[in-house]
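What follows is one chain in structure tokens, specifically the form predicted alone.
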């Protein structure tokens, strides 16, 4: 290879590297995460230790799973606010003796199947009746919270299957098992969005519903699948969150609804646009979890955390809109 050819190849590699860096920095989650880590290194150095970062990773898994599911209907210009209700029902159900003492497949299959059914119900009203996604999924969430009260009798408790506990709190050496679950789920979702016909059609539906419909795409089917997958990911998040707590409790997962939207927006995905991909969504979830730990370490309470979280949603959404203009 001549010197000129070597120099040209080096320039191409540098250009590609710079393009990747610019693309990453265009996703709010990455600069936000870098800033948070830099602040923590100065004001709370203990947060930067590898054991603590692995704890944050484990803590972020339920939010990351819920956010991956949330990103699917959002790419299709819809939304799923029933995540909290799905988690509430799954939590109190898995703590029942029939599940805690039964075969492990019941504790794994029920949350996924239940989430899929809730997603199908949501999608039926949104895609075919053309009802508002916000109103439908919010109403379904309220109903499901009521169902969780009925199942638990208003006094949840009990314990969950040991395997569910192991999924949430177990470790492979230093690495949390829940982190492995997240990696597998994120890879599957990423491949589905990038390589499958469904992923391409969902992006087309989000870009322009009318154009996708006129182009012959089954836009209703894409929304149905997106909402069903959102419910399945909510069920998976419920398994991990329930295993982490180890018992039934009321209103578990309510704070994940808006947090999942924040993680999705922070990860570069807005209504009709999935620029950040699954990796950006996971980075957004990790950044929000790390932020909560940092603010707790600085003595900030839950109200301050909610204010900052809301500001992040508004700021990231405004930034994404400004870039689209």
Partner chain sequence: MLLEVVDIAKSFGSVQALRGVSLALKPGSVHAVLGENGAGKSTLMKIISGVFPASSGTIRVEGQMVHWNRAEQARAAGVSTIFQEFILLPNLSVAENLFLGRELRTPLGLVDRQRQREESRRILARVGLDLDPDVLTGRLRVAEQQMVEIAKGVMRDARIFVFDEPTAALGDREAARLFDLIRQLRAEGKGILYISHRLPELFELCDEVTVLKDGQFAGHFAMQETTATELVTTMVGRTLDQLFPPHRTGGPGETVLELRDLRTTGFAGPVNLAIGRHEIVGLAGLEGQGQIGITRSIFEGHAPETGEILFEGLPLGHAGPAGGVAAGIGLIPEDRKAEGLFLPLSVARNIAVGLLSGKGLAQPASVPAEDIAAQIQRLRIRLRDAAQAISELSGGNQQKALLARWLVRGVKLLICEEPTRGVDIGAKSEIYAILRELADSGVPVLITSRELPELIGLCDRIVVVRDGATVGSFPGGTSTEEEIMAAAIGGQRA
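Positions refer to the first chain, counted from 1. Because the structure is a prediction, the values reported are computed rather than measured.
Just so you know, the form predicted in complex with the partner chain exists too; it's not on screen, but the next bit is about it.
Annotated contact segment (heavy atom within 4.5 Å of the partner chain in the predicted bound form): 220-228, selected among 238-246, 174-182, 220-228, 108-116.
Taking the partner from the other structure, the partner chain in the predicted bound form has no heavy atom within 4.5 Å of any heavy atom of residue 157. When the partner chain is considered in the predicted bound form, residue 203 lines it closely, a heavy atom lying within 4.5 Å. Using a 4.5 angstroms limit between non-hydrogen atoms, residue 212 touches the partner chain in the predicted bound form. Among residues of the shown chain, residue 97 is not one whose heavy atoms approach the partner chain to within 4.5 Å in the predicted bound form. A single residue from the set 187, 207, 104, 120 has any heavy atom within 4.5 angstroms of the partner chain in the predicted bound form; that residue is 207. Taking the partner chain as positioned in the predicted bound form, none of the residues of 278-299 brings a heavy atom within 4.5 Å of it.
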